[in-house]
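Consider the single chain below, provided in structure tokens and representing the form predicted alone.
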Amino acid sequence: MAIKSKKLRVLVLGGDGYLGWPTAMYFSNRGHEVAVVDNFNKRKWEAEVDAEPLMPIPSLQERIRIWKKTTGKKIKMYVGDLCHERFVARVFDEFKPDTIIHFGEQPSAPFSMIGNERAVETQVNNVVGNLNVIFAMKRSTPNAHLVKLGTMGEYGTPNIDIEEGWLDITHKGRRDRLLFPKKPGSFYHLSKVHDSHNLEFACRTWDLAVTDLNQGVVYGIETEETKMAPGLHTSFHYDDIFGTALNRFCVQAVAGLPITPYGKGGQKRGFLNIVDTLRCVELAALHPAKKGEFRVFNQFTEVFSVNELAETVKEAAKKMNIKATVKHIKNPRKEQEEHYYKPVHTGLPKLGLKPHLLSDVLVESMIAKIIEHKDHIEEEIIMPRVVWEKKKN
């Protein structure tokens, strides 16, 4: 499908984050007018749980200055909390976005499972912030399109094929179309489910237009824009709270530590390259949902088990003369380790997504980047510190 040439006014919520900052640069680089919103809670949470990124990250103000110096393009910045209704209303009234890209939420399942306080903090931050966004849309930009980051984790691992957001059912001789049943695995994933239901209600009731991107696990460090100048890089987490399995495995290989799948390692998940994440968001933005439509895309390109990831990293490390071993450890999470997993993902390919698939070459490039910053690796933050269910003595 051909890409429309329309220039957008893009508001990126969570514009200081792992995905938010590359997304802001991506749209700015293509001539769209971009503004970012952040309250830097993620940086605060990282400090509180000792989860510093592998490569130090400049302030958002400095990143924006570097971007302007490098490209001549401006990115506007708003500093504030999405949970503050008046702040959100002011941003929407002032910037008048036609496209809102919503990454502005607490993104970690382990963080949400630390305890009572973190679970509440996660759900209040995510659900209340999202509600303020849709109310601001209703008041100030009712014709705008919201592209919201959901997660494949909302579905869990049901013993049936996972459809793309919706399920056609027949029950006692009657038919209906309902949101696909959700079985989330953490208080973080539950917050995303609440978001999805609130968004669907807003579309049905207020005629808003929303695309919910149920995203798989994202991997990768670099995009076209992050490589333009020093200081434009995005965060790379390898810790047990904000890091992903692939990142953690690559760091373990470089550090000479065993690669540690949780439990049996049979857990299957959808994955995609960060470059494809940016493309998916662009495709959704350039081909918006209709007014009143709650559109769901399952955003991933490949499915792997944790064991397959571990072996991929081990083999890539071997090609770089790094001897890596795999050692299974007790699973800190309460999850199925062997299960059926067949999710549908047709919407984004129909819009033109051509995926960059995981390969030894890509893993080798990640390992090479980690080697450059090997001295920054903190081994004590890699192994799991959060347990879903503590056993009673």
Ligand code: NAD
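Quick note: we count residues from 1 along the sequence shown, nothing fancier. Computed from a prediction, not measured in an experiment: that's the story for all the values here.
Beyond what is shown, the protein has a form predicted in complex with the named molecule; the following relates to that form.
- Exactly one listed residue, out of Pro97, Gly216, Gly165, Pro288, brings a non-hydrogen atom to within 4.5 Å of the named molecule in the predicted complex: Gly216.
- Though the named molecule is absent from this view, in the predicted complex it lies within 4.5 Å of a heavy atom of just one residue from Val251, Leu146, Val281, Leu82, which is Leu82.
- Proximity to the named molecule in the predicted complex holds for all of Leu19, Asn39 and Lys42, with the criterion being a heavy atom within 4.5 Å.
- For the chain shown alone, Glu105 is a contact residue for the named molecule in the predicted complex, at least one non-hydrogen atom being within 4.5 angstroms.
- In the predicted complex, at least one heavy atom of Thr244 sits within 4.5 Å of a heavy atom of the named molecule.
- Looking at Ser112, you'd find every heavy atom of it more than 4.5 angstroms from the named molecule in the predicted complex.
- Among residues of the shown chain, Gly220 is not one whose heavy atoms approach the named molecule to within 4.5 Å in the predicted complex.
- Of the stretches 317-325, 97-105, 198-206, 289-297, only 97-105 has residues with a heavy atom within 4.5 Å of the named molecule in the predicted complex.
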